[in-house]
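The chain below stands alone and is given as structure tokens, in the form predicted on its own.
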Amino acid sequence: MWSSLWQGLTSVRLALLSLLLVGLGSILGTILPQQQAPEFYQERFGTVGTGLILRLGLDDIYRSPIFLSFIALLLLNLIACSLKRLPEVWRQITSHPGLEAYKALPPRLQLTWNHRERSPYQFLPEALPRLLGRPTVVEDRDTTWYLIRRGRWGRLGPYLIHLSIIIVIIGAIIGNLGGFQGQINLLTGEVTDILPLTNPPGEKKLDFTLRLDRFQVSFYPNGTPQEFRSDLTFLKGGQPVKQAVLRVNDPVTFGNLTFYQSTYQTMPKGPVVLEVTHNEKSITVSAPLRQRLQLPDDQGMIMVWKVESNIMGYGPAVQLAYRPAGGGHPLLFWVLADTSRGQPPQPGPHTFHLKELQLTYSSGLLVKYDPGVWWVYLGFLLMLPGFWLALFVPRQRWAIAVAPLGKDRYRLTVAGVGDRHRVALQRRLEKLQAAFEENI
């Protein structure tokens, strides 16, 4: 039973199956919105689908027992495969093949040495360490053999890659189970010591206070944001302990938390003032952001859904969600402050004009705590020499036989083989031939 279990754990089929399951789980976690309220799934998948999603943990799949079991299966397979094959690979690295094994290598080159002032016994010990590597010299009757192994440590490359993948996965699991992630939105001058969590959902009380001293955003002429930054102050006991400038791709670390400048929001300073026209009658209404506003005489309902300071180069604008009196789904459309170049179409029967809009910006900060990040970094650092050993260190064996032919004449026979990298073997042979012909 143990033998069958071991064979199963070390099989390539299990490796492919575990990779497929991890891939399918990742695809499902990408397609299915994660960490939503049960009502969200109820509306889209019904009672049966929602029950299945919640029971299997598919609403938080990367923390679910099913997905973690797929990861554990992949880890077991990698560890078992490495433990099974590594002893034999280590034996091949540390063992020294006998002369007969080198004699069986395919011949690549044969030359006659006629240099009277310098024998190959003088030339080869000096040249071979530079051209091929330090040789082992073996005498066999009247023939002298120079035996060389190259790239034997390259056999460890795949196992170093296995180890790095294992460390990366362990670091990801540690970060996923022991870490958290949240989003803070602050206006200039605001302070907070509460972190609203997005993964896992909830909130966390911080042991310090965060204050946004200033938020700046600049735009390209077409309205695309060029740069946005936050000037932050971290306080403990009401006293500043650190000040930092936070930019995109330039995170700030405080304690064990890392802060990223992730986004910004355009916010109205007060209610948005709109002029509403219906049946040739106009009224002025004040609409707070994201609050339903009933139009007079129950003629419909609106909500200011979004505000932009420069929408595609057309200047300030608000996006309205409008539901006519007849009901139905809300309709979204933009209302521009500057109507000199026209106004986007509106669904009617009401017509909206933007009369007053005072803007400000809130800074969106992504906050992360990841206790496994250093394990992940270590794994990637180990992966680099693993790939170098596996892909760029060719394994070769060379045997150069020197046999006397008479006075001051010798026959040089070069034999060699490479496990892979035929081009590397041919280039090494060409360099060796050029050095021999230069000294013959």
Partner chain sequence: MSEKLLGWVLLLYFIGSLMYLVAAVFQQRQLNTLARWPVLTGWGLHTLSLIWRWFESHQLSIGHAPLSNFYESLLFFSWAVICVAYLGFWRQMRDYLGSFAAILACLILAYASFGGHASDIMPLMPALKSNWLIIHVVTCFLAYAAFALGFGAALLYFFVSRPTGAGKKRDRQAHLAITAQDLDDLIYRAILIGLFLLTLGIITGAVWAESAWGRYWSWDPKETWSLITWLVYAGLLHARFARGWQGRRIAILAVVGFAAVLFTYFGVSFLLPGLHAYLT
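Positions refer to the first chain, counted from 1. Keep in mind that what you see is a predicted model, and the values were worked out from it rather than measured.
Form predicted in complex with the partner chain: not shown, discussed below.
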In the predicted complex, the one of Leu9, Val417, Leu19, Leu429 near the partner chain [non-hydrogen atom within 4.5 angstroms]: Leu19
Heavy atom within 4.5 Å of the partner chain in the predicted complex - residue from Gln343, Gln181, Thr192, Ser362: Gln181
Contact test in the predicted complex: Ser26 vs the partner chain, heavy atoms, 4.5 Å: yes
Partner proximity in the predicted complex: Phe67 to the partner chain, non-hydrogen atom cutoff 4.5 Å: yes
The partner chain contact at Phe40 in the predicted complex, heavy atom, 4.5 Å: no
4.5 Å heavy atom contact, Thr30 and the partner chain in the predicted complex: yes
Region of this chain that lies against the partner chain in the predicted complex, out of 148 to 156, 130 to 138, 365 to 373, 269 to 277 [heavy atom, 4.5 Å]: 365 to 373
Heavy atom distance at most 4.5 Å to the partner chain in the predicted complex, all of Gly98, Ala434 and Phe436: no
Heavy atom within 4.5 Å of the partner chain in the predicted complex - qualifying residues of 117 to 147: none
